[in-house]
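Taking the form predicted on its own, here's one chain by itself in structure tokens.
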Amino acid sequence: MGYNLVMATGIEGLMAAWDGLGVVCRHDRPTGTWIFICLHNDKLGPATGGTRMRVYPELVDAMRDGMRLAEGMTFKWAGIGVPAGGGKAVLAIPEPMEGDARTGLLHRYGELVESLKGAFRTGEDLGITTSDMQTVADRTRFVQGFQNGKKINPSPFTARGVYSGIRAALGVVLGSDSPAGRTVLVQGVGNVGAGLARLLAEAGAKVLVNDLDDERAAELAREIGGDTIDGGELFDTECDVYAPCAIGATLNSESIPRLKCKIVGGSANNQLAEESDGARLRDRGIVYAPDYIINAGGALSFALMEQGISDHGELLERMESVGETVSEILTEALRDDELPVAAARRRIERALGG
């Protein structure tokens, strides 16, 4: 997924390597921000995906991130059977931004989204809050996840979906879907990771947490009765499940040989740094739940809201379908002695008519 983009250099190289529909690019002069709206596929419906805001080392890194994430959204929607296409937006800010500058940028970004007349629909992603998306919605109709005029936070639904997916993976790999007595290492305890950690602790799992913000990790560990793990020990810690819930590409040629887990399943996007990392995991005897399937809860919740389902409890219950899909994919992969990403890709190709 997007692995041909990893080796591409420069903006021209990325555009030549990508198989998407196109990229809408704009430079926001008041803030120095570059905006990339990456439209990958609209075969099943309008391109739909979150908006990400962060400081990138180089401009080309921002564009590459948007392209890979947009492709991942195509796979996510097709994998869970939702009639939407793949898209993603990246706001590459030059430095952390708050106050009037942030509000102005988000308003201008909303106007850009509105100008596309529904070809791109969006919601929050890394670096963007629910409040930020409410600000974007001041200028465009094409923000997902509103109920009674209020923007809904998708994090609880994403966390619930990942939790369901982890239980499914435990059932397929270890014979019981109960987290009780299992050790789960959650890397990244923002809104989704923290919610996942709480669900696992409530179910009786021993939860280990890691985050770049040591204080946040320690506070959550105290709350749930878990333990913190130093970043230097992250990949050397024994656990049943490693749940990456922050940035992508944590599974690579350097980290995989160090992993001491049986299952990988978390909310981060683009967890594999390159295509061969899927085989590296299998060679280590580690079962990987494809990220674009197990982290689909937030996207699924917005799709269900658009279908008229508004009850919070019912929406959470519907996240069990994420676990059902993970179970089907992992069962098929183990039965046929293939990579889980191969089984997931067949499912996607069927949905896309490929």
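Numbers follow the displayed sequence, beginning with 1. Keep in mind it's a predicted model, so treat the numbers as computed, not measured.
If you look for the form predicted together with a small molecule, you will not find it shown, but the lines that follow are about it.
Undergrad: Exactly one of 282, 139, 258, 216 has a non-hydrogen atom within 4.5 Å of the small molecule in the predicted complex; which residue is it?
TA: When the small molecule is considered in the predicted complex, the option within 4.5 Å is 216.
Undergrad: Tell me, which of 135, 183, 191, 237 has a heavy atom within 4.5 angstroms of the small molecule in the predicted complex?
TA: It is 191.
Undergrad: Can you tell me whether residue 211 touches the small molecule? I mean in the predicted complex, with a 4.5 angstroms heavy atom cut-off.
TA: Output for residue 211 is yes: heavy atoms within 4.5 Å of the small molecule.
Undergrad: Please run the contact check for residue 295 against the small molecule in the predicted complex: heavy atoms, 4.5 angstroms, yes or no?
TA: Judged by the heavy-atom cut-off of 4.5 Å, residue 295 is in contact with the small molecule in the predicted complex.
Undergrad: Can you tell me whether residue 245 touches the small molecule? I mean in the predicted complex, with a 4.5 angstroms heavy atom cut-off.
TA: Flag for residue 245 set to yes.
Undergrad: Are any of the heavy atoms in residue 164 no more than 4.5 Å from a heavy atom of the small molecule in the predicted complex?
TA: The answer is no: residue 164 has no heavy atom within 4.5 Å of the small molecule.
Undergrad: Of 199-207, 152-160, 115-123, 101-109, which is the one stretch near the small molecule in the predicted complex, taking non-hydrogen atoms within 4.5 angstroms as near?
TA: Careful reading of the contacts points to 152-160.
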